[in-house]
Ligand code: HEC
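One chain follows as structure tokens, the form predicted on its own.
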Amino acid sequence: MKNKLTSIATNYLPQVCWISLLLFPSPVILAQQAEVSAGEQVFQTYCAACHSIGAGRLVGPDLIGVHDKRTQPWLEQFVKSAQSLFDSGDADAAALFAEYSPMVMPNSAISDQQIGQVLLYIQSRSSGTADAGNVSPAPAAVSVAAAPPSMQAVARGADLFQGRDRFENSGPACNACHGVRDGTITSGGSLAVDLTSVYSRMGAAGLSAIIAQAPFPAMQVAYTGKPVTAGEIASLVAYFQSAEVNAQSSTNYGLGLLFSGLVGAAALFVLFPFIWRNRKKESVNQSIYDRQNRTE
């Protein structure tokens, strides 16, 4: 009897344990699943525009199996600030910058906790423990040729940037927050980064992906439910491609404005005495005083 019970326990206990784990997962497993789910949301919001997990290279590298190539601390630092890691002289960061130039990954707009969650999600997807069917593909980047864009596309992009031509879905004009050193248009605000050289830094694919699915919280709020269309993206990218050329050839008007102001001020000082030559040169009180003296 004892041997029979031992045989039953040996043969069936592992299956019972696995069934129990599936039906009643431990708090640790539940907590990890919640972290993976949160990481998926962060990835789709901030990362999917430029990266895939197993679908091939987009604007940036495919991230499947990235934990097999880099350590967790390195990945956390790179996501937080790739530029800082590059500036520190890190060889791996320098190699990535060289491979994906001119696209430079912007500093993270998410918290350290969210960075950990998204890395856990990437690791989970890489090991096949997450449901790959639930992952939405990243939006296709709008392709813009590297050749000089057409004047029509540049003109429309300039109008969209400064709000002369409204976006089809009523999104705000770019110059509400961004500026461009281009003397041919109304430059815009300084609430966000200057976009004069953004084309050379990010390239057409990078710009298209960022505009189509912005990873920055302020842009996400501004364009929620108001997406920029593919044609509008192409026009904006064409304008940014030409904006840097316009900025390089533009004239510095600082000294000219100063000189014009001085000349204008001098002219006013000369004209005022001539214009007011017949004005009274004494006070009204003096005339009253003199009249009173005469009557006495």
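Residue positions are given as counts along the sequence shown, with the first one as 1. Only a predicted model underlies this, so the values are computations on that prediction, with no experimental measurement involved.
Just so it is clear, the following notes concern the form predicted together with the named molecule, a form of the same protein that is not shown.
Quick one: is residue 54 in contact with the named molecule in the predicted bound form, heavy atoms, 4.5 Å cut-off?
No, residue 54 is distant from the partner.
Whether residue 238 contacts the named molecule in the predicted bound form should be assessed with a 4.5 Å heavy atom distance threshold; does it?
Contact with the named molecule, no.
Might residue 155 be said to contact the named molecule in the predicted bound form, defining contact as any heavy atom within 4.5 Å?
Flag for residue 155 set to no.
Taking the named molecule as it sits in the predicted bound form, is residue 178 in contact with it (heavy atom to heavy atom, 4.5 Å or less)?
Contact check for residue 178: yes, within 4.5 Å of the named molecule in the predicted bound form.
Work out which of 66, 245, 230, 38 lies within 4.5 Å of the named molecule in the predicted bound form, going by heavy atoms.
If I apply the 4.5 Å criterion carefully, the residue I get is 66.
Across 39-67, which residues bring a heavy atom to within 4.5 Å of the named molecule in the predicted bound form?
The stretch touches the partner through 46, 47, 50, 51, 59, 60, 61, 63, 66.
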